[in-house]
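Here are two versions of the same chain, shown separately as structure tokens and labelled structure 1 and structure 2.
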Structure 1
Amino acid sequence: MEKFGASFLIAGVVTFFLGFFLQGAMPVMTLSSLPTQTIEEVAQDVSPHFVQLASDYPEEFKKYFGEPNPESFAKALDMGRDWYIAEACWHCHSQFVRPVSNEDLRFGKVSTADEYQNELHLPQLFGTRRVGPDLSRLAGKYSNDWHAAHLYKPTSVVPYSVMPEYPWYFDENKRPNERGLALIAYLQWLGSWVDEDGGGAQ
């Protein structure tokens, strides 16, 4: 019996390390050599929605971000992504259109690996739930004002929404503050890399 026990122990240890290498170490070794765009590189192509944000909320925008340029866009994207994670938006919203259940008909073309090769998608926010719609094709589907209203009181624009309200993203005049502007900029950036023929928010 001791021989069998020792054999099972050795087999278990070997299997553990083999699994760790194949499923843990090998993907890291393989993917670490792929180029990953920095936030600054992504922000070189300033979104028209970000420029519009400066027009929609001129005083607030100038106070927090100055002018709509690559530097301020990078700052807004970085901050917006961080608040998106902090508020756990990814618990209810996926950012990965899967090739199942006609998701491409609802949210745009199926996601591809090259879309996630930048710092704004690290850590990955694929998500698995569909409490809310997938957001990976969100860019341009709604206006900046719609996003502001949706964050302040979701049911004002989507009556059946179960999303909580986020009044702390607004000042005493109910205008977006720095965090609110940054989150709107980030949401409007999602999917902006997809051309019209390649799919988009449905």
Structure 2
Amino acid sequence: MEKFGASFLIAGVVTFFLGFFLQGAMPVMTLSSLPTQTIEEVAQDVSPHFVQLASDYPEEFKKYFGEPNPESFAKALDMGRDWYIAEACWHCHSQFVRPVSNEDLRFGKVSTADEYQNELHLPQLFGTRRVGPDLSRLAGKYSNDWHAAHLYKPTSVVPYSVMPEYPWYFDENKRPNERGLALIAYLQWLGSWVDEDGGGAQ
């Protein structure tokens, strides 16, 4: 009896690891040759939108982030990513462009694995649903001000939008607070590493 029962436990362990090897470990090994960057390394290349943010909201930026430099950019990206996760943005916006369904025409360059080899994709945020559009080519498509208005009340700039409003990313003067600035910096970073212009359609 005992031996017989143990065989099902063992079967569970063996089949789990077989599946894990084929579907998890092998992709990990295939992609392990790609270099992985830390957030600080990513932030060396300070986004022009982050510099712009410092002049768009000078008082708030000064108060929370000081000067637009690699250190403050790293802090903003990290914090922005955390709130992107906390609000589950990734449940309604994907972060990869597929090579089918004209997605390259709509969003921009088809995604490749090397784009995701940094700590800001730990955990990965590919997403599985698009209520709103893909965000992996978002950088520069809209201004910082547009993002601020859109986060505060999406229907103010996109009347048909079903995106929730996020007034808690703004202070009493309706100007972005620390989390708001960080989130805008993160959104404006997405796809900033792609040289070519994004897709024409929205």
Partner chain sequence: MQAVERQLVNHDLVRFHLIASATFMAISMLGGLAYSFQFNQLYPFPGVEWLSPGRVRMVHTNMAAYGFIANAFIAGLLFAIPRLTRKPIFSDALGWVIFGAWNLIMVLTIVGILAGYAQAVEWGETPIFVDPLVMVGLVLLVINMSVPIFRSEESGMYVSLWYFLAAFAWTGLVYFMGNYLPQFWVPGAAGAAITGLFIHDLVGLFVTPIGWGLMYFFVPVLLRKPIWSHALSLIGFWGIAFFYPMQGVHHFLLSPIPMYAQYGAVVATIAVEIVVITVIVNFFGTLHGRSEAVRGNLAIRWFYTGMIMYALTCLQCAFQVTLTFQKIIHFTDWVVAHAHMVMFGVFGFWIFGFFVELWPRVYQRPWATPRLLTAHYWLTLIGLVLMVVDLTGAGLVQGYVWRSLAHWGDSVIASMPFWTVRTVSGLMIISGQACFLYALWATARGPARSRDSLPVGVATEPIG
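Along the sequence of structure 1, residues get numbers from 1 upward. Rigid core: the largest C-alpha set superposing within 1.5 Å between the two forms. Since we're looking at a predicted model, the values are computed, not measured.
Novice: Among the two displayed forms of the chain, which is the form predicted alone?
Specialist: Structure 1.
Novice: Keeping the rigid core fixed, what distance in angstrom separates the two C-alpha positions of Phe21 between structure 1 and structure 2?
Specialist: The shift comes out to 3.0 Å.
Novice: How many angstrom apart are the two C-alpha positions of Ile10 between structure 1 and structure 2, if you fit on the rigid core?
Specialist: In the core superposition between structure 1 and structure 2, the C-alpha of Ile10 moves 7.5 Å.
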